[in-house]
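Just the one chain here, laid out as structure tokens, in the form predicted on its own.
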Amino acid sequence: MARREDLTGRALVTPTVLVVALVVLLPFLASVVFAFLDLDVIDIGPLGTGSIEFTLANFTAAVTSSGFWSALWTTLIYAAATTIGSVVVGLAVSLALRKPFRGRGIIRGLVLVPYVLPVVAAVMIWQQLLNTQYGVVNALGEQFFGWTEPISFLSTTSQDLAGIPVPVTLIVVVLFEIWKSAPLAYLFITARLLAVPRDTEEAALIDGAAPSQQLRYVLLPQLYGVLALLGVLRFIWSFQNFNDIYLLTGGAGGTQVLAVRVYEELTTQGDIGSASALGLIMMVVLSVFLLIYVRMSRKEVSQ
């Protein structure tokens, strides 16, 4: 009977295992192999008919290329800034909408709009707002802030502001990602806030604690676990983000992150080996944060 149940269980999970193997494992293993081959798109035809030589040249070329460290640095800045921004905005919105008031349900629904909006539609909205010819932002800037000429927000690498160089386009893609992902942070934090015992806050209020003291000594310790977990998860997602940046700027204006660089190596250069090597380097960096996430998830579950 036990053997039959065991076989039945194996038979039930077999389709899932096969799908995961075909969709996830095989492409991953292929990328690992390609990373160690000197392989271009034009070599796909005779692949398998000639001798295969494994080499580390792709990794050497990747880390010594002129734009690699710049792209890695941009990726880290982008991931860190969007992670901090989305978590802080999500926390602020959660606290602001915590207590009931008239119209709270409508505002809660509107807060989620950027997250459920298709990324293509969101990008089009921002491109229209920031357009140099008819965009609302440039029109307001020229009328109220004394701009002498429209700013090309989606292609300006740096512009001096009071003598300080400001990475305009990088700031725009960071703000876009914060706007798009903060609603998810809001959902995470709101779910945890609902579980915070009210009697602790009421006791702090009776003791004369100010709102800032309640936040610092009562709420934040309760939210520490979900904030840390959300931060690590958000960093992983931002580090490998491609769609938002590429659709918004195409990697122009100093926004070429590693994911965009992988795409360009594959489509523009046609170099499958270099693209795979860059992908593996990204995976190694992400593995560190993935291990942190797994450890934090286990700790959260055990609590």
Partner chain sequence: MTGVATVRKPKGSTRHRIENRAIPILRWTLIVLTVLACAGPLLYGVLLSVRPLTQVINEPLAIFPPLSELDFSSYATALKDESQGGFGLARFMGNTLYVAIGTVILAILCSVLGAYAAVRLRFFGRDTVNGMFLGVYLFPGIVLAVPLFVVFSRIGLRGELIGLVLIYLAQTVPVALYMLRNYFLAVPESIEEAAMIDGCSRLQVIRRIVLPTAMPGIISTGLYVFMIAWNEFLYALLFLADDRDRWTVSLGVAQLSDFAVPATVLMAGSIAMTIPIVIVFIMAQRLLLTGLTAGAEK
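Here, rigid core means the biggest group of C-alpha atoms that superpose within 1.5 Å across both forms. Please read all numbers here as calculations on a predicted model, not as lab measurements. Numbering follows the first chain given and starts at 1.
This next part talks about the form predicted in complex with the partner chain, which is not shown.
Asker: For a quick test of understanding: in the model of the complex, does each of Y78, S152 and V294 have a heavy atom within 4.5 Å of the partner chain?
Answerer: Heavy-atom distance to the partner chain in the model of the complex: none of the three under 4.5 Å.
Asker: Using a 4.5 Å heavy atom cut-off, which of 79-87, 153-161, 167-175, 113-121 contacts the partner chain in the model of the complex?
Answerer: It is 113-121 that comes within 4.5 Å of the partner.
Asker: Can you tell me whether L72 touches the partner chain? I mean in the model of the complex, with a 4.5 angstroms heavy atom cut-off.
Answerer: It does not: once the partner chain is placed as it appears in the model of the complex, L72 has no heavy atom within 4.5 Å of it.
Asker: Even though the partner isn't displayed, in the model of the complex is G208 close enough to the partner chain, meaning a heavy atom within 4.5 Å?
Answerer: Contact with the partner chain, yes.
Asker: Within 4.5 Å, heavy atoms only: does A228 come near the partner chain in the model of the complex?
Answerer: Heavy-atom contact with the partner chain at 4.5 Å: absent for A228.
Asker: Can you check whether P197 is within 4.5 Å of the partner chain in the model of the complex, heavy atom basis?
Answerer: No, P197 is distant from the partner.
Asker: Between the options L37, A61, A259, A252, which residue brings a heavy atom to within 4.5 Å of the partner chain in the model of the complex?
Answerer: The residue in contact is A259.
Asker: What residues in 266-280 sit within 4.5 Å of the partner chain in the model of the complex, counting heavy atoms only?
Answerer: Residues within 4.5 Å: L266, T267, I272, A275, S276, G279.
Asker: With a threshold of 2 Å on the C-alpha, tell me if L12 counts as moved between the shown form and the other one once the core is superposed.
Answerer: Superposed on the core, L12 moves its C-alpha 2 Å or more between the shown form and the other one.
Asker: If I superpose the two forms on their rigid core, does the C-alpha of L290 end up displaced by 2 Å or more between the shown form and the other one?
Answerer: Shift of 2 Å or more: yes.
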